[in-house]
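Shown next as structure tokens: one chain only, the form predicted alone.
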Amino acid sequence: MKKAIAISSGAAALCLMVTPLLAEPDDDSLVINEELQMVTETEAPDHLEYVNTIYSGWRFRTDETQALQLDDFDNPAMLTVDAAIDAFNTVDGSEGKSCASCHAGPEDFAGLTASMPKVIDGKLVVMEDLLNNHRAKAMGAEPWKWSGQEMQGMVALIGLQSRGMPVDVAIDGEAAPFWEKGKEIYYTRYGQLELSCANCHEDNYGNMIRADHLSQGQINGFPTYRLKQAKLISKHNRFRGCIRDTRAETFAEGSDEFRALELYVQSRGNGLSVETPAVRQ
């Protein structure tokens, strides 16, 4: 495996937090409901320069946390997904419509999450954009808060329709400039600690940071139920938290910067299975 372990002087603060103990991803297999085999390890996509193999974050979690994702009855995220099914069929807004007024059911969206984000009419669009645009234009309804449980429950419900499919986001053509911007953000050092996303999730995955096991930061399971916060967490919420932890001013959820970063980070997981909704610590 080719990954740089050395840390530059600009990221010296990381040395104080990362222990020398290596804890590589385990060898467990993720099979959901005893029937759906997830790809949690595969060859890195060609555009990754410093990593040969990519791993789902599930492979870095404790046995107890992993077990919660093995069966939908044990997955705490499914309560919010169930609420989203009700919301899918609930009339809201000035047009007297529900999601079900235009779509036969959530299964209509099979494969969509695996290909998101994508460029539509020249703009990079993520799932939250699609949902709020539908609410505004088709339903005449108020937008949902980005990281609210109504929004993330629906994002998870739609993502569930792609569970088991390989992540396959396009990074060429119209998507290329957005992808390049996301890559720039991924490798830019932020904050007083002068840390980039890559310092933790590329240079040091497999190491322990404080009491946590650093993963590659894959987002193929988002929105993910985070036990620490006891709710579904959006991709942008997690991006914001990571940048904040560098002691920097962070970008806003739904910002163009985080849309670009989402595209880039998602592309780093091309080939892994969509796990939505995943469970993490």
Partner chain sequence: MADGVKPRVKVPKTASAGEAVTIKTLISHQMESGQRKDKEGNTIPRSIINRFVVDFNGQNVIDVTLEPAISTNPYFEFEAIVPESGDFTFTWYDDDGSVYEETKSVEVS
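Given the structure is predicted, the values throughout are model-derived calculations rather than measurements. Positions refer to the first chain, counted from 1.
The form predicted together with the partner chain is left out here; the points below concern that form.
Taking Leu131, Ala110, Val119, Ala83 one by one, only a single residue has any non-hydrogen atom within 4.5 Å of the partner chain in the predicted complex, and it is Ala83. Residue in contact with the partner chain in the predicted complex (any heavy atom within 4.5 Å), chosen from Asp72, Asp92, Asp168, Glu180: Asp72. Between 74-82, 172-180, 134-142, 98-106, the stretch whose residues reach within 4.5 angstroms of the partner chain in the predicted complex through a non-hydrogen atom is 74-82. In the predicted complex, at least one heavy atom of Ala230 sits within 4.5 Å of a heavy atom of the partner chain. Proximity of Tyr55 to the partner chain in the predicted complex: non-hydrogen atoms within 4.5 Å are absent; the residue sits far from the partner. Remark: Tyr225 counts among the residues lining the partner chain in the predicted complex, judged by a heavy atom distance of 4.5 Å or less. Contacts between 127-165 and the partner chain, taken as any heavy atom within 4.5 Å in the predicted complex, involve no residue at all.
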